[in-house]
Each structure stands twice: as C-alpha cells, then as structure tokens.
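Two separate entries follow, structure 1 and structure 2, each one form of the same protein chain as structure tokens.
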Structure 1
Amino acid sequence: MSHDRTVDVLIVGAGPAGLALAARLAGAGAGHVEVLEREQDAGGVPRHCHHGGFGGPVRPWLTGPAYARRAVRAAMVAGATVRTGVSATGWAGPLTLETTSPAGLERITARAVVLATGARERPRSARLVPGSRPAGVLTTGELQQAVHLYGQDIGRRAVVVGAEPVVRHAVRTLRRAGAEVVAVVTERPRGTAVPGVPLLTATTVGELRGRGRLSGVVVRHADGRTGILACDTVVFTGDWIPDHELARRGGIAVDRGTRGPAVDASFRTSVPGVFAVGNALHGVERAATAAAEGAAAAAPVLARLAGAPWPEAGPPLVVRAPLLWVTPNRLTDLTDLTALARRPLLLRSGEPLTAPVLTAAQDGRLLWRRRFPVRTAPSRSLRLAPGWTDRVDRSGGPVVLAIG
C-alpha cells in the first residue's frame, strides 16, 4: 500500500541544478520544497569527480566532492528537504509521482514538479558493440564511483573509448587505480590526446572478447585494418544523453535534437506545472552551467505557485546539420523573451567549427546573422546572445538555426 503526501514543489534529482533550484525556492519561501535522489548520497556527478575545476570563477576551484557537499548544505540550510535513496518510478497523475524507497511506496503530489534528472553516458549496450558480456566494461561514471567511492579493483590494462575531454578524467582515474592505459580509441578523425597514451583515431571498437573477464577488444580502422588490443578493462566515455525516462513516462514532449524535455526559456515543458532544468535538458554541461539553469528556474516556478498561467508553446527552435541541438527549444511568449534576455541560448555542433557564421531564419525570413571568431569543438556549446529573438513571429513557423 502506498502512502499519499503533498508538497509545494517536488524536484527529482539532487545534482547541481536540482539543489541550486531547491536552495533558491526554499530561501524565497516557496513552502515545502522536497528533493528526491535515487542514489544514497546527494550531489550528482560531482560527488565522484575528484579533480578540481568546480564552482564559480572565484579561485580556488573546488573538487567535485567539495562542490557537491556545498550544494547540498546550501539547499538544506535554506530549508529544503533532501531525501536520498528514493526513486521516482512513474506518474499517478499530472503532478503526482509514484516513488519507492526502503521506507516503502509513496504517491507525492506537488503544485509544481521539476525534473532535474541529469544526463548519463551511453553504455556499451546502447552503442551496440557486439561480443560477449564480460566483467570490466564500464562508463566513466561507473569507473569513478568504483575507484573513488568504493575503492574497488579495476584491472591492470585498460582501453578508453571516446573523444571528449572526459577521456582525460577516465585516464587519470585508471592510473590512480594502478591500471595501464594501452590506448584511447575514437571513431572521430580527431581525439583527446593524453601524454603517454597512444591515440587511435578513425577507429571503432568492433567487438568485446573474454569469458568472465574481458580479455581484449577488436578494433577496426576506417581503412579496413583490424587488430586486437589485449586489456581487462574498457571504459566508454562521453556521448551523453539526458536521463529522460521519467519525462517520457509522463507524456512530456521530448526535443528531437537534445533528446531531453522540450522547454521554453522559462523551463516549462509541454505538461502544465512540470518544469525541467540542467543536464536533463541537453546532456552534459559544466556543473556551474547546470546550477545556473536551476537557479534561473526559481522565478518561473514561483510565478506558477502564485497562479501564473501556462501558455501554449510558440514556434520551435530547430537546427540544421552539422548543428545538433539548441536549448531552450521553444519560444512561448513575451515573458520568455524577457527571460532569454538574461540567459544565452546553448547551441551544440556535431563537428568542429572554425569562425562559423550562424543564421536564424523563420519562414524564409532572415532574423539574425553573426560570425563567431572562435574555434569550437563538438564537446563545447556556443552561447548565443538572445537579443534577436524579439524578431520572431510567434504565430509563424519554426525558427531555423544553421551555418550561414
């Protein structure tokens, strides 16, 4: 039998975005603000990232665990309730979530629900890598948890797969655990170079081998050459996707580009009363970026609690290749445009860009054009000043962002 409760705001996910939002809302007197975290500890991914670089621009930078502890403390001091070991499993109504925990089943109804479920790396199964199912196959997150949180033995020879900067963190963690990194493998023409580790570009992992424990990976180069790298550990890194299962179960519209909930500049989803923030919207960004989005969502959530209407979604923002996604990805009303004036749009490309010229057009009408005198890697987002969005016709068609 489930226990029914009500709160004012229910936030799913105690990572940087959810905790920053909880602190703002509780500090503003939003009533009972409750944060649910399925892990045993709150703080999100930074908990097991023992490198520095977390926090604001004021040095010294914090390590991930220190940053996580500070975020948890801020939310609780403000008056928010942070519950760990609690999983939201589904929806019992538009603003009612079903949860499970060691204490039992609950149905929690809120005046506003915020999805801050974060992002995750695609594991081997989602990458459709064939072969046996041996031990020793990890993502970066699993690796860092095993080493930094549980002190587990990892192996002696490792291969790292991926091209994003997180490769460096995976290599550093493997070395700290005493493993030799025999190669970094990426299917892209360029990758993340790590001193002392061979970098194999334009190369894919074609098969995993081993019974019980991984014994090697078959690699295949773009020119057809193949080989076997002997190893007992392989770490799949990057290729982040929003953790969107709960959104899908709730019938919330998902953006085709980001694969996270589609939102406007006020973080409103397609379901009245349900917001989404942080890496749940777009895959991984820096913790500071996710936390800033969470804090920025406080104003629209407070407005909803005060009775603000839930407007119909306006024109969608869409992208053309090689661009992958943009967020926010809906333009709803003038309130949106005011919010956009304070926050940039995030835009991600699937290919490196050098001094790109970006354009925005609607129904064949050019709204905006600008050159960015920078070089941008696929793992980094461009930040677009949103001043041009006041030229959008709210009754018009999709707004298309492209390379001009």
Structure 2
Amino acid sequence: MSHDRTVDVLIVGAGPAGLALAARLAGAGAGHVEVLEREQDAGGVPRHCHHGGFGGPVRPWLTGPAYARRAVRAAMVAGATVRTGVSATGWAGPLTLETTSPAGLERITARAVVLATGARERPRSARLVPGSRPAGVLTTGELQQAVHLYGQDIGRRAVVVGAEPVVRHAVRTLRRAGAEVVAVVTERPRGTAVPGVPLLTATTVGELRGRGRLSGVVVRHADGRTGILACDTVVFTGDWIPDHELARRGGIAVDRGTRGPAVDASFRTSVPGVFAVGNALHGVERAATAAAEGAAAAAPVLARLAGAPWPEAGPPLVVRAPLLWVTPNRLTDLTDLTALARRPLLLRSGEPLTAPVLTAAQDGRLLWRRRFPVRTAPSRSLRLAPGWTDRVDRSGGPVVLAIG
C-alpha cells in the first residue's frame, strides 16, 4: 500500500539547483515545498568536492561540502522540507511521483513538480573503451566519494582521462589518496595542464588491460604510435550527461543536444506543471550556475501556482555542428521570449572556437548575427544574451543556431 500525500511544490534532487529553488519558493510563501533526495545526505555533488572556489561570486575558501551545508541550511531555514533517503522511482500521474524510502512507499502529488536530478559523468562502458573489465576503473564522482566520504584505498599509480577542468580535481583527489598520477590523457588537441603531470593531448585510450586489477592502459597518439601506461587506477572524467531517467519515464521531451529535459526560458518542460533546473538540463556547469538557474525558476513556478497557463510549444531551438547544445531549447509564448531576452542562453561547442560568429536563422531568414571576441574551450559554455528573440516567427520552423 502506498501512502498518498499532496504538496504544493515537489522538487526532485537536493543539489545546488533544487535547494536554491526550494529556498526561494519557501521564502516567497509558496506553501508546502518539499525536496526529495535519494542520498543519505542532501547537498548534491558538492558534498564530495573538497576544493575551494564554490559560491557565486566565487569564494576561493568555500569548499564543496561547506557550500552544500549552506545550501541545505538556507532551504530549511526558509521553510522547505528536505527529505533524504527518499527515491523518486516513477510517475503515478502527470504530477504524481512514486517514492521509496525506509518509511515505505508514497505517492506524492504536487501542483508543480521540479526535476533537479543533476548530471553524472559517462562511465568507461558508455565511452566504449575496449579491453578487460578490471577493478580500478572510476569516474571522478566515484573517486571523490571513495576518498572523501569513505576513506577507501584507491591505488598507487593512476591515469586521468579527460580535458575538462574536473581533471584538476581528479588529480588533486588522487594525490590526496596517496596515488601518483602518471599522466592526463585527452583526445582533444588541448587539455587541462596540471603541474607535475605529463599531459598527453590528441591521444585516445585504446584499451584497458589487467585481470582482477587494472595493470595498464594502452594509449594511441594521433600519429598512430601506441604505448602502454602502467597503472592500477584510471579515472574517466567529464563527459557529463544529465540524469534524465525520471524525465523520460514521465514522457517529458528530451533535447537531442543536451540529453536533458527540453525547457523554455522559464524552465518549463513539455509536460504542464513540470519544470526542470540545474545540471539536469545540460550536464555540468558550476554549482553557482545551477543554483542561479534554480533561483531563477522560482518566479515561473510561483506564476504556475497562481494559475498561469502553460504555453504551447513554439518552434524548437536547435544547433548545428560543431555546436553541441543550447539551453533553453524550447521557444514558447511571447512572455517567454521576453524571459529569454533577459536570461542568457548557454551554448556549448564540441570544438575550440576562436572569435566565432554566431548566427540564428529561421526558415532561411537570418534573425541575428554576432561575433564573440573570445576563445572558448569545449568545456566552457558561451553565454548569449540575445535581443533577437522578438524576431522569431511563432508559427515558423526550427530556429537554428550555427557558426556563421
């Protein structure tokens, strides 16, 4: 037997985005705001990021765990209910979630549901790295938890794979656990340099070797040379994907680029009453960015509670290669276009760009064109603050963002 309950706002995921939204909503008198967290402790990924630089603006002394504790406290002080050890396992209706916890099964119905389920790094298998299946193969998330939350032994010699800033955190965590970092390997032409660690760019991991325990990784350089890096640990970093399972189970449209729920500038998904915020939308951004998205969703959620209608979807917003994704990626009503004009779009490229010219076009008509006098890496989002959205034809075809 499930226990049926009703709340005003149900937020799934007590990470930076979910907690920031909960704090805003509860503080604004949104009624019963409940946050579900499947882990035993709230706070999300920052719980196991033992480095400084959290917060917005960045505070060099503020570590992930301290940031997480603040976020939890802020939500609770504002009057939100934060429940840990509660897993949302599925949907019993458009705005009703099924949950499992040691207290039993529940069906919780809300006037607004917000998915703040975060993102994870793709593991070795999803990256189709061939070879044996030994122990000692990790993601940064697993590494950080093993070292910082569980004090587990990691290994002696490690290779780190990836090019994103998270590489630095993986190296730091490995060193702290007493492992020597043999190399950082990335298939990209540029990587994240870490003092004291050889950086192998334009290099792919061709194979993992070892029975029982990892014994080495075979690397292949761009010129065809191969070599073996002897190691007992390899950490696959970055390559983030939104944890979109609950969204898809609820029939919520997922953007092809981000792999997260498609949302408009007001964080509204394709299902009326269901919002999505934070890294569930686009893979990893800084905790402060996720929290800012959560906070920004408070106004549209409050509008929904006050009876604002759910707009019909307009033309989709899509990207052309080498662009990977843009968010928001649904265009809805005119008020939403206004919201779009206020908040920046986040745009990610799969290749480094130097002073790119970005264009937005619809049905062959150029809506907007602008040069960005910057150099961007694939691990950083471009922020577009466009004033062009009023030129979008609501009944037209897809709006295409491209490098012009």
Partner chain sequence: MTVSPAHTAPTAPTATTVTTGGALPGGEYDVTIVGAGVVGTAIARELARLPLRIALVDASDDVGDGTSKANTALLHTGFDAVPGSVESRLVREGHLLLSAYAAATGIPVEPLGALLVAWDAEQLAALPGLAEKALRNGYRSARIIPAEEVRAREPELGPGALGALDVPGESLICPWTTTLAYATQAVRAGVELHLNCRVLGVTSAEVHTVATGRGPLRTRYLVNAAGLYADEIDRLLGHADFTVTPRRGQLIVFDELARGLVRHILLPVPGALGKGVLVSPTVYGKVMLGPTAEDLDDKTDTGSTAEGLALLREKGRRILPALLEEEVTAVYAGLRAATGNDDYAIRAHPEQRYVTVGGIRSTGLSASMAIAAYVVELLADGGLPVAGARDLEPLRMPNLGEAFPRPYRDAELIARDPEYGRIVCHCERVTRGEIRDALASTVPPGSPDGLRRRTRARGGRCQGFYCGPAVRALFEEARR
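Each residue is numbered by where it sits in the sequence of structure 1, with counting from 1. For the two forms, the rigid core is made up of the largest set of C-alpha atoms that agree within 1.5 Å on superposition. Source: prediction; values computed, not measured.
Q.
The form predicted in complex with the partner chain: is that structure 1, or is it structure 2?
A. Only structure 2 fits here, because that chain is the form predicted in complex with the partner chain.
Q | Is_shifted residue 79 between the two structures (CA, 2 Å cut-off, rigid core) | A | Moves: no, less than 2 Å.
Q: Look at residue 223 and decide if its Cα position differs by 2 Å or more between the two structures after superposing on the rigid core.
A: Yes: residue 223 shifts by at least 2 Å between the two structures.
Q: Align both forms on the core first, then report whether residue 300 has a C-alpha shift of 2 Å or more between the two structures.
A: False for residue 300: its C-alpha shift is below 2 Å.
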